[in-house]
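Below you'll find only one chain, the form predicted alone, shown as structure tokens.
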Amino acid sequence: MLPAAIFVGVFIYYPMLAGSQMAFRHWNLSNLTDTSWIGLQNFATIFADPSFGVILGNSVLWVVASIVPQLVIGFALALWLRRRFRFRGLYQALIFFPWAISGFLIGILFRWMFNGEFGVVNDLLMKTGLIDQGIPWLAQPDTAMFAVIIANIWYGVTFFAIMILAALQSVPDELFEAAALDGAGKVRTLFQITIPYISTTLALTVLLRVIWIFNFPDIIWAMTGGGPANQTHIITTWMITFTQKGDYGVASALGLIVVGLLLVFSAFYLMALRGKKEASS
């Protein structure tokens, strides 16, 4: 295992530690002669910024509003794909295809779709009579976040469908046959057999997606760049702006804040799952 351990240490842990120490230094590309130790000053700069509260709230909204529809729609697709029907393999390929596309490219596609002048979304809404004139989706604070969340939902449904379908295929058919013989309907079978059987997979998939979405700036950066007026900025897109300015110290501090928030969430989430499992047993 030594070669693998050396590889992981050199290419993963060393860059992490080297990047983390930037958070406690004055590390700006405009003046690399002064990389002095400044302690928690970079963190103080972040917390004192009036945009921090808005961006933190956007990050929470980005995760919650994305993951709930992804879970529900992905679960429904997985239940449908578990059935046997003609061309099932083709439908699986079409549903799983978005996961093979980069998030940044998805953001560019949806940016054109939500374009206020010639986007397909406005075109369809005007043809159906729901609106009289085009909506500048990505230029208005009250619609920009909605647009990027829709794009992320479309992109992330595939992951839930893949993971849940794999879990559903492990459920023995005998359980469903026994439930049918006992007179259990589809809803009762779903909530008393299917979901409990794959509950571990569901819980871990949700945890992975929360971590992933919180760290996923690609779609937002491609569609709005965090605008307008920081209304679609999340912490990771905000970190990109500091990186572009050359302020690697503040950017690294933001990265550590993200790691800390996700560690705390993961710890409480896993503790809650363990407590629920012990209570049910």
Partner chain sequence: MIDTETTPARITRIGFLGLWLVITIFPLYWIIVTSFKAPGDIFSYPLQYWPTEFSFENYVQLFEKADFGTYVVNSLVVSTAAATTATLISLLSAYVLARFEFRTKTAILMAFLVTQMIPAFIALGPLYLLMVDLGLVDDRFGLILVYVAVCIPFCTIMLRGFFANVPDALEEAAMIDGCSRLGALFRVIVPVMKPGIVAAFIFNFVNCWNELFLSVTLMNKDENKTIPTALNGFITSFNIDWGSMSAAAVLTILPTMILFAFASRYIVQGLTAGAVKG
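Residue numbers count along the first chain shown, from 1. Model, not experiment: these values are computed from the prediction.
Omitted from view is the form predicted in complex with the partner chain, to which the following refers.
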### Message
Quick check on Leu273: any heavy atom within 4.5 Å of the partner chain in the predicted bound form?
### Response
no
### Task
May I ask you to state whether Arg188 is within 4.5 Å of the partner chain in the predicted bound form, using heavy atom distances?
no
### Message
Does any part of Trp62 reach within 4.5 Å of the partner chain in the predicted bound form? Heavy atoms only, please.
### Response
no
### Message
Is Gln41 part of the interface with the partner chain in the predicted bound form - any heavy atom within 4.5 Å?
### Response
no
### Query
What are the residues of 15-52, in order along the chain, with a heavy atom within 4.5 Å of the partner chain in the predicted bound form?
Pro15, Met16, Ala18, Gly19, Ser20, Met22
